[in-house]
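Two versions of one and the same chain are coming, encoded as structure tokens; call them structure 1 and structure 2.
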Structure 1
């Protein structure tokens, strides 16, 4: 099975791609509009620098060869949501080509290209059959990322999309507003001929649509039928794909250059744009640099890139072993509340410093970390930790087999302790606190 994706990401600019209309939520339909995004005769586009910069960042993140010279093209098609009946996109001179993304650090998924284009408006149907159009979305900048058909299953597609979305959000600072800002076209072939499922929103739906399409194609082939190359649509509610009546031939788009924008010689700009390490790359690096388990590295990074950075800080100050013990332990457990409070990491680092020079014991360190990170009083934290540790220790004393099993490599042995503590304390402690304490105490007994 071969799956290739075309992923559309809205870029977080403040104004639209070719006009200065705001990109924020509009008070009513057709209020964030101007002659340009309404396609009024006589208007013309001017490119938003930030959209270009975001495009360059993503091209770099995807390991693409970034163009020295890039420009835009016109894709002509008739639909009520496209105010000019022409979409300004990139055709033969996209911003980036020939990249590669390693899924979970291992499997290469080749990136064909990344280009910039404008979003069309939104349409609604009325009861009597006509349509209503809102052009507030018209002209919002999009990056389209096209992969080679290197993805082997719907599950893998979902995994890839999750990694890609996390990397994109981190690279260009998209606020965490859910996954629905990602739309994709999914190409899938079980046999020789492929079908394209257009305009699927979100990664859950991408997996559902692909799974449905996979089963459909397998059934047809098993029955001796032939897959017809076609464009299909996905019905989110019913979870099925269906043939899109209107066939789209690339020939009809009749791409030509967009003369109104000129061209962009971006070598200098490309050199001046640097990007942050993507979460996927950071995971791989943490794992290999510190010799920690890939899952632990991923847990750190997916909790928060800031947490992963703090891990590195601790590792450089007190060694990897202490970083693993404290950061992947109590610090991770308290990180969400810590970030909500918006404190600096210096105080946290200071607590670890006290432990390192022997001023405080490990139990005191755990209590102080919790207190510093959550803002609870030390006594409260101590009492809680104390009670929690007593329950855990008591249970472990009564069931010595658990530590023995854990020592032999059966990490799941700790689950029975966690389950017991959760049940017996009835929601008094957060699950992350319990998991952290159990892991810490079990490991300390080995």
Structure 2
């Protein structure tokens, strides 16, 4: 089985790709439109520079070779959601080519290309069975990331998408405000011919669509049938794919160079654009540089890149062992509330400094950390910590085999303690507090 993905990313610009219409949510259908994004006769597009910058940033993040010159093409597009019957996109000179993303730092997923284009509008079905078109989305800048068919299963596709989306959001600061979307076209072949499932949104739906399509194709081939190359759609409610139209080939699109935009010489701009370290690369670096388990490194980064950076600060000040003990423990457990409060990490670092120089004990350090990070009084934090530790210690005293199994490498042995505490406390403590406390106390007994 081979799976390749085409990931469409709406870029977080304030205006559309080739005009000044806003990209924010519109008050009503067809209100954020103008002659340019509707393709009226006599209108001329002007490239949004920030969209170009975002494309360069993503190309660099994907490890692509970024071209010194680039230009746009017209793609014949005879569908009602593109009113001018062509889509301005990139064809033979995309913004980047030949990249690679390492899934979990190991398996290479080759990136064929990343190119820029404009989004079409939306077609909406009415209760009466007719179709209406809303062109507010038409012209919003898109980056399309195309992979080689290097993905081996629907589960792996979901895992890859999760990693890629996290890296994309971090690289170009896409906000989680509901106004932006990342959509995916899923190409899958079980035999020789492939089918494309268009416009799938969400990690779960991508996996569901691919799994259904995998089973459908296998059944056809086992029955002696032939897979027809086609474009299919995914019905989220029924969890099935269905035929939308016969799959076009490149020649069907009638690409020609876009005469109104010309050639862009971007080498100087490319050289000036820098990007942040992606979450995936940070995870691998933390694991390698500090010698910590990859799962712990991933936990740090997925919780918050700021948390991962604080881990490095603590490791630099007090050593990796103390950073693992405190940051991956009680600091991580309370980090969400800490960020919501807008706390400063210097106060947290000061508490760890007191433990490092022997001023406070480990229990006192845990209490002070929780107090500083959550805003609770020291007395409240101490009372909660004492009660929680008593419950955990009592259960471990009654079940000593748990510590022995954990010592032998069975980390799941602690799950029974976590389950017992959650059940007996009835939601009094957060799950992160319970997991942190159980891990700390079990490991202290080894």
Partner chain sequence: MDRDVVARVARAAHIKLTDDELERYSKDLADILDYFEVLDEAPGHEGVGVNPVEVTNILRDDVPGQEIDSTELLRDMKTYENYIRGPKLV
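The structure presented is a predicted model; accordingly, all values stated were derived computationally and were not measured. Between two forms, the rigid core is defined as the largest C-alpha subset superposing within 1.5 Å. Numbering follows the first chain given and starts at 1.
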Number assigned to the form predicted on its own in this pair: 2
Yes/no, residue 27 Cα shift of 2 Å or more between the two structures with rigid core fixed: no
Displaced residue check between the two structures: residue 397, CA, 2 Å or over, core reference: yes
